[in-house]
Ligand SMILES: Cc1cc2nc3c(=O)[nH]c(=O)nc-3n(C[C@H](O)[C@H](O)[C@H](O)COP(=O)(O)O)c2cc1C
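Just the one chain here, the form predicted alone, laid out as structure tokens.
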Amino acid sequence: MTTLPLSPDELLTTTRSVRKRLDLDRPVPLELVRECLQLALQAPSGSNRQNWHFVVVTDAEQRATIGEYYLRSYTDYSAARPSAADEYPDDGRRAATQVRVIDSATYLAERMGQVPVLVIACIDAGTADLPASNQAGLWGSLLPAAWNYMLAARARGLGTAWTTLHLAYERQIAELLGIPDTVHQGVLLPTAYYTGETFKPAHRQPLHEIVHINGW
């Protein structure tokens, strides 16, 4: 498929978590998802093991069930955290942004089961229990591939969002999808065509506040 005319910098700075602007009614061709996943596999993995797996869910009943688990988890998560407006009392701009983020996250949580494609990125750890050490090495062999998928999707007119709240019900979702015990889910990537073309770089903390040269 022809990709959008985005420079590398534009692609990297405008690949946003898309929630309210996912088109829930427009089907997404499975071949297009495969194309994005093929690019995902160009990501690095520890010792080049490539022990990642991607479960692509298009079945309506399965998506609805995952959506129910997700909403249940999101509801618990929301109840346990402070209100968005209170998270950054000394930074009005960031507080306002957080209010918008939570509003859009709630919107998606209520509609997760309606998103045309749900992609769950997983990794085979070789054991049913996650290893006690080197968690960075384990997840570092999966998450770059998931980000590659999001970049490839953006370049092809698809929107995605990075979320892990489904993991509260990882076992139930694994049973639903027949995921083996040794394969652990890392991130859920709802995928759909997006509406509008106004993606832009997000406001971030000043570089000097988070970069430390030769020590903290």
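Note that the structure is predicted; figures quoted are calculated from it, not measured. Start at 1 with the first residue shown and count on from there.
Although not depicted, the form predicted together with the named molecule is the subject of the following passage.
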| property | result |
| --- | --- |
| Partner-proximal stretch of 61-69, 161-169, 23-31, 40-48 relative to the named molecule in the predicted complex, 4.5 angstroms, heavy atom | 161-169 |
| Answer option from Ala145, Leu108, Cys122, Leu138, heavy atom within 4.5 Å of the named molecule in the predicted complex | Leu108 |
| Val101: touches the named molecule in the predicted complex, heavy atom cutoff 4.5 angstroms | yes |
| Any non-hydrogen atom of Thr195 within 4.5 angstroms of the named molecule in the predicted complex | no |
| Non-hydrogen atom contact Arg204 with the named molecule in the predicted complex at 4.5 angstroms | yes |
| Within 9-40, the residues that have a heavy atom no more than 4.5 Å from the named molecule in the predicted complex | Arg16, Ser17, Arg19 |
